[in-house]
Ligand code: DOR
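Next up is one chain by itself, shown in structure tokens, the form predicted on its own.
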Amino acid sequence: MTGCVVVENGVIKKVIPRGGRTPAHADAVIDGKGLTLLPAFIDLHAHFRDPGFPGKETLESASLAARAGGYATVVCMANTKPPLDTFEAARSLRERSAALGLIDLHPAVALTKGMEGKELSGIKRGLMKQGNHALSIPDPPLLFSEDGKDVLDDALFLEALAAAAQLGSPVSCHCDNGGVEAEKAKQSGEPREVWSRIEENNATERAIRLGSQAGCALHIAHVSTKEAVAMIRDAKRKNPRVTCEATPHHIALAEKTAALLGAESFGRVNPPLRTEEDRRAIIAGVAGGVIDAIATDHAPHAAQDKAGGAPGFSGLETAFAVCCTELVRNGVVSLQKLSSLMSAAPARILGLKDRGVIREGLRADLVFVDTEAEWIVEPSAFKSRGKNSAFAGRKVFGKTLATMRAQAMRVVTV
């Protein structure tokens, strides 16, 4: 539809269709003619590297990258130095982010202390603090995750899942615990593409099984294999609390790109870029509703670390364009569906009822995009300190032009 949106004190006051009466007074009027206004994106999965790794990223640079990419809300992972394994550590980072005022940051809290897989983290203390509203972050946090590794001990993992279920928070699972089968494949000299597939598939099955046993809202991160897609499809039929995400790079790229970039250096990511058949299964999962959301898995690295084999790509500033190019322009999904995958669905998974769609009474987190803009990805222009993009030099379509986050003034966009 065409029309205008009136924002007052950070809230969408009115959505006026074309031909309706535009308010006479506004502190600012934004002319968006020829552009598309979408709800600002929500990233379920990003690595901000703060605290502990300023050579890779800082809170400030990651927040600027998020805004540049159209994101107003981001969940950052806990594998920092030290790890975010207590509510207090998460609160501290969230307060620093609030002082910057660029995005709404929700740090995930690790499942185990120090992410060492030996004993429960602050999640256990959270059980004793139910009903305590003294913390300035949601109590409990919006998401728990041991991302970067699995909790290997089944009993401890089940205990963590049960604790999260009791607190009402989903658990995002990084699935690469392949057990004895994967270890045998490694020891026998099988290549990464073989044993990493075993890892993801076995760990996905395990997470779904234990999550169901614990009664936990289970979220599978960065799905990349056709087998995992099939398992999640079947799991959803039995348990609607199972959700999952895919990344732009697993949607758009396959193992040939990793080989060209350097499979053990600049093309390395965890999970790896898979076969073309896997990539098509991911796209079918997106189109068919098996995959609930698109998350960046933004993983910035210094150049020397990336050259040395550090896994991951910087993704906040290219996510919309890559997905617009691969999914919308190719007719896989509509722009409205892509918006849902990047905004409404993540909000629903996180339990954020005040954002994710353009509706009167909700937060005015908005982004202007030009769906026809054609541009070349140039990592040197990134706001992120991590210039490690798998899309460097590629032509993409769709550009984020301006991100609004709950503006305090009276704004009319037309």
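A residue's number is simply how far along the shown sequence it sits, counting from 1. This is a predicted model, so every value here is computed, not measured.
Beyond what is shown, the protein has a form predicted in complex with this ligand; the following relates to that form.
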> Quick one: of 163, 299, 218, 235, which gets a non-hydrogen atom within 4.5 angstroms of this ligand in the predicted complex?
Replying inline: 299
> Since exactly one of 177, 270, 340, 325 fits, which has a heavy atom within 4.5 Å of this ligand in the predicted complex?
Replying inline: 270
> Which of these stretches, 25 to 33, 44 to 52, 64 to 72, 350 to 358, has heavy atoms within 4.5 Å of this ligand in the predicted complex?
Replying inline: 44 to 52
> Does residue 222 make contact with this ligand in the predicted complex, using a 4.5 Å heavy atom cut-off?
Replying inline: yes
>> Within 4.5 Å, heavy atoms only: does residue 79 come near this ligand in the predicted complex?
In response: yes
>> Against this ligand in the predicted complex, would residue 83 count as a contact residue? Criterion: heavy atoms within 4.5 Å.
In response: no
> in the predicted complex, does residue 147 have a heavy atom within 4.5 Å of this ligand?
Replying inline: yes
>> For a quick check, can you give me the residues of 310 to 344 that have a heavy atom within 4.5 Å of this ligand in the predicted complex?
In response: 311, 312
